[in-house]
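Take a look at this one chain, the form predicted on its own, written out in structure tokens.
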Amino acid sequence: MVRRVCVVGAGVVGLSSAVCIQEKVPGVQVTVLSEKFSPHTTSDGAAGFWEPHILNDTPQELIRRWGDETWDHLKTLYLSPVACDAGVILLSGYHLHKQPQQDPDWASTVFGFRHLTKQDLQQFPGFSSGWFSTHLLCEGRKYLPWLMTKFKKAGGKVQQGKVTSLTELADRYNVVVNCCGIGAGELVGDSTVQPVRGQVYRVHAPWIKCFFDAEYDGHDFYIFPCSNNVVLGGTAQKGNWNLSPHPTDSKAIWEGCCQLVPSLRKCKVDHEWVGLRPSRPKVRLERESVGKGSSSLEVVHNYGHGGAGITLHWGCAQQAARLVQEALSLQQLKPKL
């Protein structure tokens, strides 16, 4: 009997989970079910810069494990012929601080982490310290289609639709994987899920070759050059559901980034974009039995990654696949027709 798994959600967490389940659980039929697909997901608009961000009380050892597994996966892609298709690039640049900061936990993962010298800091008036490092960047608008192609080639099925209750899938699937991001709050009644609103510009500035990340005037400003444009950000507004660019935020981002790199005043703006990071007190990655009787269902939850969806996605997908395998092995299988 074919065992069926449904992954709900088609952002980077959902698609990577689907691919990992195919690779780790032999003989299963995997379906991705989602209301939205690329290029209309939050993952498509994200800069995709590898660095843990907005993870609240998620245990540091888990952030490190999931993040390092994702780093190794992205590094493998970068060093392979598929790097361009998958949207994985290597990017060096600067973190700038007004006051000295403790070294980040990710310092030993990225390439070439070092403290800025006094000579380095002459480039950045007003900043007293900082770091230089080289990171991986994974562009969602390329990576998601690449994952989808990989998933379909391995026999994966895709269905578009809106799920209002996970138990409505109980008669068709042995296990459901909940990768709904911000939508998980309503879907499973998780009141701890909150949006952290991010607003960015995409601009044409091909002379920008390094990334810049600096906090001043109460804002975190960042500049990330991608393959075809440059991301200028940003905001991190908890509880704000507004998906339209706000003029006040636009002005603050523009002035902050131009203060950091004045040549940006000559760039051409392509568009503005807003996305809602799915935040909760901790990343939820666990197995749960829901419903009763004919509506009983094994569920694996994988959501609440805040601003680190791409940073943690592959490590979390690997664990989600292990939990699916565990659920199937413990489940007294019934025909799902």
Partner chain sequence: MKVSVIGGGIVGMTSALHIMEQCSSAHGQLELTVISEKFCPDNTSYGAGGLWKPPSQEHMSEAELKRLQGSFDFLTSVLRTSYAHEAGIFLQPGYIVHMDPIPDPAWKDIVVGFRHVTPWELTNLFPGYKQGWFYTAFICQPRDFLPWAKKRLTQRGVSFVQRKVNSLEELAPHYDIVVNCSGVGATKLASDEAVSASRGQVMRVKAPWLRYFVETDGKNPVIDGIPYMYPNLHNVVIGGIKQTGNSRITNDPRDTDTIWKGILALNSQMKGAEVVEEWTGFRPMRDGGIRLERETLTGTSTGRPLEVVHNYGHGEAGVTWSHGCAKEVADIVKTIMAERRPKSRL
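Residue numbers count along the first chain shown, from 1. This one's a predicted model, so the numbers in the text were calculated from it and none came from an experiment.
Keep in mind that the form predicted together with its partner chain is missing from the display, and what follows is about it.
Student: Contact with its partner chain in the predicted bound form for Pro125, defined as at least one heavy atom pair within 4.5 Å: yes or no?
Tutor: Yes, Pro125 lies within 4.5 Å of its partner chain in the predicted bound form.
Student: May I ask you to check whether Lys209 falls inside a 4.5 Å heavy atom distance of its partner chain in the predicted bound form?
Tutor: Lys209 belongs to the contact set for its partner chain.
Student: Does Tyr94 reach its partner chain in the predicted bound form if we count a contact as any heavy atom within 4.5 Å?
Tutor: Heavy-atom contact with its partner chain at 4.5 Å: present for Tyr94.
Student: In the predicted bound form, does Leu260 have a heavy atom within 4.5 Å of its partner chain?
Tutor: Leu260: yes, in contact with its partner chain in the predicted bound form.
Student: Counting only heavy atoms and a 4.5 Å cut-off, does its partner chain in the predicted bound form sit next to every one of Asp44, Tyr143 and Gly156?
Tutor: Not a single listed residue reaches its partner chain in the predicted bound form, so no.
Student: Can you pick the stretch from 131-139, 179-187, 144-152, 239-247 whose heavy atoms fall within 4.5 Å of its partner chain in the predicted bound form?
Tutor: Selected stretch: 131-139.
Student: Work out which of Thr192, Asn228, Ser108, Gln160 lies within 4.5 Å of its partner chain in the predicted bound form, going by heavy atoms.
Tutor: Looking at the other structure, the residue within range turns out to be Asn228.
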